[in-house]
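The chain that follows stands alone, in the form predicted on its own, written as structure tokens.
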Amino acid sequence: MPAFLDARSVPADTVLETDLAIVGGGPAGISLALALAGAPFKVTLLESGGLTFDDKTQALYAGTQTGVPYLALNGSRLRYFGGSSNHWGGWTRPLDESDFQKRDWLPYSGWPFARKEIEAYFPRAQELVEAGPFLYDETMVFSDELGRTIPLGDGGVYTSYFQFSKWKDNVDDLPTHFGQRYAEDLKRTPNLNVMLHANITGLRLAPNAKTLDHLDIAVLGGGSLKLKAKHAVLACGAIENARLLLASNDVMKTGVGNQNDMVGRFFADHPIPRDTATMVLFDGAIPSFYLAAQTAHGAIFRKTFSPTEEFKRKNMVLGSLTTVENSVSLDATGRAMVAATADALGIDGRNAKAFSLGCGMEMAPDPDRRLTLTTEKDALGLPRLKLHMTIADSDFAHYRDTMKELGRQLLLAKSGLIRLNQASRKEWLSVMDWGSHHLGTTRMHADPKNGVVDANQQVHGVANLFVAGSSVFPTYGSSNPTMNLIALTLRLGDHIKSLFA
């Protein structure tokens, strides 16, 4: 079986040719390569790293930051084959229908198509991440054997769940590492070459700036190559996709696709504040599938609380997914509050237990949350990036509204109550964590004044250049992006096939 190519072994200044170049060997790039297996054209997949972690390659991600404290740019992504699937948690859930819709109260919202446009690709994406059957939000499917769900009165929050990726035949229930899991499949693909240690340093346009002529490839430690491609797809994450477009400014002085100053804007992640609220259950009973992943019906799953589509629409709130994290002890005031509430409801609260809640939140789009180039260069001579990070007070307020509704429904069902633990911006930021879900920066929009790529993920104005991955998401939902970006990439694969038909 043929091995992957190593750019370090290719003579310097070699000019290579291919029909389609895929830049990036993470879940998006690998899924696209698999989708194009057997197509009547040649595909070359380029990966910056090798098969294992290397600190010098990882250091290429380093950058600076201003604004709200955020994760180190070289600490939340892995730059070797398989990308960040080498350390992901495997959380899987499809985006909601409303995530794609234009919301009049939410500036910059709306995808150029509805959720139904990618629904046909969800089952295959679910297979690639190796989750269970494509079933979500069916209340009893994953709970009938393991216990009842927490009773909630009628209202705007419902019990949903995540599924988890599990690497096939892996007894430790580890999530699928795309590079290792699919390496042999890629090696067996006759129309595909995979080249490791191939760092793209430039997207070189034709003089008229309307097509991509070739890619510049550099090897750490010396040596450079060129790859001429009829079409190319950037699939190297929201940060690197933006950096390559901005830094390739020899023909378009503002950067490729950046004629309207949109590249790098609208960066986002999922805020994951800890201990957002304390939930008390009067009977103290909580099924294990709220606290940790469980297995049933061929899936690994965990329950979560989510606002309904109707509640989000009527109350103008963003999405969120709330998890029960661990049991906690109540102080004297808390115990008195529980006793008084149970007495008022006419129920027995002597067995009450309290639990800390965490969540994954949706952020509102913000054009000022952005990546820009700096004068500092990395080891390959590319400008490093600066991230200006923001989060709006309204993002926290949306989540508090959802938690208030959950509390109301617990009281209505006489099953429990909620105490909100964070109020001020300072308090929220003190418990803030992040999902490491890089989103935005090359957002999709039909109008080039409002986005970088069109509905087919083609860079506006450049006929043969496309972008894959969650960097094209115009809005972000609260669901983890991997399975969703794979579904979107499979759709892109069908479009690319049509270009060679």
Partner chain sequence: MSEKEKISIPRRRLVIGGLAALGVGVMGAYTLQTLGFMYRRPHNKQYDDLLSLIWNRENAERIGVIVLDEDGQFEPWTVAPQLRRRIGKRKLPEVILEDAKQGRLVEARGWVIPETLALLSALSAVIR
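Positions refer to the first chain, counted from 1. The structure presented is a predicted model; accordingly, all values stated were derived computationally and were not measured.
As for the form predicted in complex with its partner chain, it is not shown, yet the points below apply to it.
In the model of the complex, no heavy atom of A292 sits within 4.5 Å of its partner chain. Proximity of E97 to its partner chain in the model of the complex: non-hydrogen atoms within 4.5 Å are absent; the residue sits far from the partner. Taking the partner from elsewhere, K386 is found to have every heavy atom lying beyond 4.5 Å of its partner chain in the model of the complex. Among heavy atoms of D343, some come within 4.5 Å of its partner chain in the model of the complex. Exactly one of the stretches 329-337, 118-126, 236-244, 254-262 approaches its partner chain in the model of the complex with heavy atoms within 4.5 Å, and it is 329-337.
Residue-level contacts in the model of the complex: of H177, K226, K166, R400, one residue has a heavy atom within 4.5 Å of its partner chain, and it is R400. When you look in the model of the complex, the only residue of A392, L420, A379, L146 with a non-hydrogen atom within 4.5 Å of its partner chain is L420. Applying a 4.5 Å heavy atom cutoff to its partner chain in the model of the complex picks out R400, K404, R408 from 382-409, in order along the sequence.
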